[in-house]
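Okay, here we've got a single chain as structure tokens, the form predicted on its own, with questions on binding and movement later.
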């Protein structure tokens, strides 16, 4: 059996420090409920002394959590901070005070203005003081990633001797390389007496894009708790991403000798919830929970995934609560992806028919970044309209603007294969196009209704036009056309209505 690694979620504390990610107490309670559903081991609910809101959040979350998990409050190595945290945590059945101070030369000399000896004295005092108030005390050695290793050993030894139950080794600035950070953890395990009875925690930042790698390297070296946030929120470039760490341990548990008890099917829901509350969007290519995490655009990838999901996916989308693998139809998609999606929509074609649909799909895909289901529906319906067409619009060129005279040049082929190219002017581009069509076709209909709508989202959406025309007998005929160019859509719709009128007239005459 692999080692159980505790997941310490600090979304409500360090995650809130992301610019613009401020949360109300009610917001924090909503997220805390989701964290409880996920079965995280520790919720760092806030920094109680920092504000009345944080105090209330810690108290309310402590009351809500019950026995489900440890509820933690952050403090500085200051008696008053520790007192306030203990007061806020009085509602919690499993309270933890998280206290500490900086240990790197930069923090000691520039920020705190103290010597190493004075630092060690503060470590002992703050840990002992907190242990008088709660049984579970976590000590953080801020900026341990840039500290002198011999001094770090001295500090952690002092914290353990003073009664710390957890020692947190943060790479606060995301400075370290994974192997160097792992070496620090191994060295602490070898040199600090009694550390085998204490939980080693790590808290890594993403300043160089290595937060997850740092955390996993530390776990492999013996760390037993990882501090992380949903979506990797946090100061500057953010913290270790909870979803990445959890799924990496799930995929490589044997190599890391590690597992977690997190309910992974709640990961996507948690990500969307935090994004919604904080207003901070998740980048589309974000690992595990990004919109494109299980999306495939390349034709080669699509073909592979359709044959066997694990050709390009190492994670089953269902395992993280995602909707499923998504085939993104674009100009890079191949025959297999398009046929698969059409079948899902209920359309099947013989090879020759399918090739015609595919070619029209490519025309649309060249004009759009993504082709949606509604686009495919429009393509199929457009093809159905063209199959029985008496007249077909082959090309349309429009010239218009102020002060230009609206002019349409239309290329139209009839059912016998004869093609005509005509040019007409009008009061506007649609009027000119319709007059050009009227010049070719054998009948004329009075336009009674004209409507246009976007079939899909985006500025490159297909525009679908619906028109109704009336013949000399007062009968109404409806036509539809779709294209990324709304003038072309308008011409197709009008010609479709005219074709219906001609076909109906022929049918009546045949009777």
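Residue numbers count along the first chain shown, from 1. Since the model is a prediction, treat every value here as computed from it, not as a measurement.
If you look for the form predicted together with 3-methyl-2-oxobutanoic acid, you will not find it shown, but the lines that follow are about it.
With 3-methyl-2-oxobutanoic acid left out of view, the stretch that reaches within 4.5 Å of it through heavy atoms in the predicted complex is, among 81 to 89, 279 to 287, 162 to 170, 246 to 254, 162 to 170. Taking a 4.5 Å heavy atom cutoff to 3-methyl-2-oxobutanoic acid in the predicted complex, the contact residue among 140, 361, 434, 181 is 140.
Contact annotation for the candidate site: 14, 74 and 203 all lie close to 3-methyl-2-oxobutanoic acid in the predicted complex (heavy atom within 4.5 Å). The closest non-hydrogen atom of residue 98 lies within 4.5 Å of 3-methyl-2-oxobutanoic acid in the predicted complex.
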